[in-house]
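In structure tokens, the next block holds one chain alone, the form predicted alone.
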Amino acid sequence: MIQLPKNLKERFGSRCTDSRFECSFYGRDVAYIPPFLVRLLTRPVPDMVFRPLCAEEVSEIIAFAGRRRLAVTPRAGGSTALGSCVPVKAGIVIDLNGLKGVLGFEAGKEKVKVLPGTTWAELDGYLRRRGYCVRSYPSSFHVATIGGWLSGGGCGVGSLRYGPLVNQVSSLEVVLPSGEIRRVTRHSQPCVSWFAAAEGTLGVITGVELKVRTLPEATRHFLLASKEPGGLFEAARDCARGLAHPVYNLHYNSRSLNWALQTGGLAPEPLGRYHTLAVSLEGTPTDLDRAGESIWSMVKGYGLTMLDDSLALEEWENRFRLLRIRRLYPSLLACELLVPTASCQQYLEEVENLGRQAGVRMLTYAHIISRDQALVMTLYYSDEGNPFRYLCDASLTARIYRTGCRLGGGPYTIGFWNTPYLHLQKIHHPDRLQELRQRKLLLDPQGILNPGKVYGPTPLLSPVLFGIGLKAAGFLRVFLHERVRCDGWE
């Protein structure tokens, strides 16, 4: 057991702890993983936790960890489900929630400087009081932090219009694994893009300067529906190409998801009968009228149904409650992938066919985040109260990921639990993976920052052993899994 040095105890006081009880709260994220599997593969409970208030304190912690060769895991909102902010080798967790607040706002340049532990809701509230707002944000708007979302990928609501978060960031303050505090820009070496989607493996972000925007003059929402998904995906591609400018956000729900929500009282009729595409527009009233005409043309051209405006508004307001289905099915397993928009319909068909074969209902939603890509989430019911069944069900997760990869996609976030898939070129081409490993070696030669993530799996999660384990789990599942009725929504 590592003991806290006296000087650090005096420096941080109650903002540091090596209490096993307090540290245990940092040993998981929002996902449930059977404890025996976690203990087999990782050491998730840190030896100590620090809660710094400034970059200088972060630097001091990392310098201490470097001298002791201790693993350091940055953590803020903890709203991921793949172990991105959970230790693999115990060590130190740096809780960044104390680095909160806006440091400066330049209205004329539409730029804001903010500390990384600030949530998106807090930043957007600050800006709206001044006539501005953020450009894009995650669906976990109220708990996800600025630094955390940037480190995890930064794609979500509004990405169709403004691109991923990294495109909106002008500069970062980062504490490197050496303990050096450095300001990086889009053109420096290392640059901003090195730290985006790096999941805290190259440095700890302690300050972010990003672009914002003035509040839109007007907004309008449409909800397109169809009993078959093909026309909706065609309409989504048309919108993404700019044929109905100015589209801010596109969100798709599968019919199976809408049916489950309606059956559980979480969505109104008649959503349960349809696949739906929510189209959100922003701009001037003239722009919105013109775009609305284009969308009506799509509805007619693709044989779609336009649902009532009140349903469209309700769907928009539910953008922060995309996982409310967990109120009905608390033991959900999930896969989050980036899938080419051209392959979304085939992905949906193959995944739902997999569900029918396995006796589970696959529930899918998607953000269209660019002209060519969708961020897709597929969920299905399991039973975390039965760890053996839960583990066997995980074999379906692997099959879903492989379906997405075969169609040109790949996992959105690597974390710990997706590292076995790194050998698939659809996630990182070997040349790209080699480039990432070189960056890691350059900045973190001791490998202390968030080890076990992004660059390669631990031995027990090697692709060969992982594949054998999942095939065995899938084989057992055929004999042991209780089938769940999938009728009632066809």
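All of these numbers come straight from a predicted model, not from anything done at the bench. Sequential numbering from 1, following the sequence displayed.
One more form of this protein should be noted, the form predicted together with a small molecule, which is absent from this view; the next part is about it.
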Single option in 355, 78, 283, 410 placed near the small molecule in the predicted bound form, where near means a heavy atom within 4.5 Å = 78
As a check of understanding, the residue in 74, 87, 158, 420 with any heavy atom within 4.5 Å of the small molecule in the predicted bound form should be identified as 74
Taking heavy atoms only, is residue 199 within 4.5 angstroms of the small molecule in the predicted bound form?
-> yes
Heavy atom of residue 181 within 4.5 Å of the small molecule in the predicted bound form | no
In the predicted bound form, does residue 154 have a heavy atom within 4.5 Å of the small molecule?
-> yes
Would you check, heavy atoms only and a 4.5 Å threshold, whether residue 403 touches the small molecule in the predicted bound form?
-> no
Among 17, 61 and 63, does every residue place a heavy atom within 4.5 Å of the small molecule in the predicted bound form?
-> no
Of the listed stretches (254 to 262, 134 to 142, 300 to 308, 385 to 393), which one has a non-hydrogen atom within 4.5 Å of the small molecule in the predicted bound form?
-> 134 to 142
